[in-house]
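Just the one chain here, laid out as structure tokens, in the form predicted alone.
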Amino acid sequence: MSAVLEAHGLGKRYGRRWALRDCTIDIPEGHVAGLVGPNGAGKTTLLKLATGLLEPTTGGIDVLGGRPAAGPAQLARVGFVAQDTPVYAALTVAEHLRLGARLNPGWDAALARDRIAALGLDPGQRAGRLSGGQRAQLALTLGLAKRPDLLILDEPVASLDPLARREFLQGLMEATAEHRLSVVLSSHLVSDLERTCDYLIVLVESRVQVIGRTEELLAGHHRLTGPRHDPAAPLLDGQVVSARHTERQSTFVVHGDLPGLGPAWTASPLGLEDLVLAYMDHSRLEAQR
């Protein structure tokens, strides 16, 4: 299976500050990949590098087998919805569709027209008078009607209310299944990724902490709870992702096969949010050492 996005040693620096550093990623085609991390982790920088809006300081990145934004053919294969789902406030919905048709050689007018009708959007309504959820749906329609091989979404629902967010993500999943898109969806809202993504990248403090198929990552991680364990004493050989201790109890998130620690210890599976938070915690503890 070929990759839709590959990065090796990728980094972007602004002056002395690294926005992204030593980033190595391989996202296979046919997945909805969730890119998650706290604000300032480097998610937007990575996606701007993938779309050719930024040039890397170190390393390299390939998108659909080529350099990002290398030419018209490459640009036509990638759809991008930036943060805040930008649209032109003074243009009507219909004018947005006509602009999309002029700018994109593979434009699917029927898809755009049918989707706008299904959403109940008035073609004569100016975008500036639409609700936040409607603007997001218009931006998604523009990205889908381009008929890209890869759709990149940079926190498109962060400012939406829960109902609008659910409707946007439902529309995205329906379009993904219908048109067999590969998607990279950035968000700091793990619940959104849990509903939509089958591939996961956790990015913390400009570095990739874990990457892989969501199902496999969840199956390979466990929570261990037991009696207080000396934090300075090794519990496992390099498998501890995060550790928390109270006066009487220790809780570890571990990656790999479960060790035999005796009947006093309990193992339980992790949810996606637990997994993400464990790697965020791991990064914080590593920085303190």
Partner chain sequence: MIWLTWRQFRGAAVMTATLLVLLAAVLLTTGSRLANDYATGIASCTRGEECVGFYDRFFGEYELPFLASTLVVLILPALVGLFWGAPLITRELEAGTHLLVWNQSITRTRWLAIKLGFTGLVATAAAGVSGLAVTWWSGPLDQSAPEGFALMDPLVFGARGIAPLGYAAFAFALGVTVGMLVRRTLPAMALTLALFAAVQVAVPLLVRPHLLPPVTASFEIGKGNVDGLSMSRDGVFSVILTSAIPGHTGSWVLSSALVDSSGRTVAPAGEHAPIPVSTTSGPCALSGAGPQGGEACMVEINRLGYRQRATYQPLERFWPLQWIETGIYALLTLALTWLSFWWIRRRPS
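Numbering follows the first chain given and starts at 1. Since we're looking at a predicted model, the values are computed, not measured.
Another form, the form predicted in complex with the partner chain, is not on view; read the next lines as being about it.
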Among I116, V87, L217, L150, just one has a heavy atom within 4.5 Å of the partner chain in the predicted complex, namely V87
Just to confirm, with a 4.5 Å cut-off on non-hydrogen atoms, which of H31, H229, R223, K48 contacts the partner chain in the predicted complex? K48
In the predicted complex, does L99 have a heavy atom within 4.5 Å of the partner chain? yes
Counting only non-hydrogen atoms and a 4.5 angstroms cut-off, does S191 reach the partner chain in the predicted complex? no
Is L185 one of the residues lying within 4.5 Å of the partner chain in the predicted complex, judged by heavy atom distances? no
Hey, in the predicted complex, is D108 touching the partner chain, heavy atoms inside 4.5 Å? no
Among 197 to 205, 158 to 166, 140 to 148, 176 to 184, the stretch whose residues bring a heavy atom within 4.5 Å of the partner chain in the predicted complex is 140 to 148
Decide if the three candidate residues L20, T58 and G60 all line the partner chain in the predicted complex, where lining means a heavy atom within 4.5 Å. no
Which residues from 73 to 87 come close to the partner chain in the predicted complex, meaning a heavy atom within 4.5 Å? L75, A76, V78, F80, A82, P86, V87
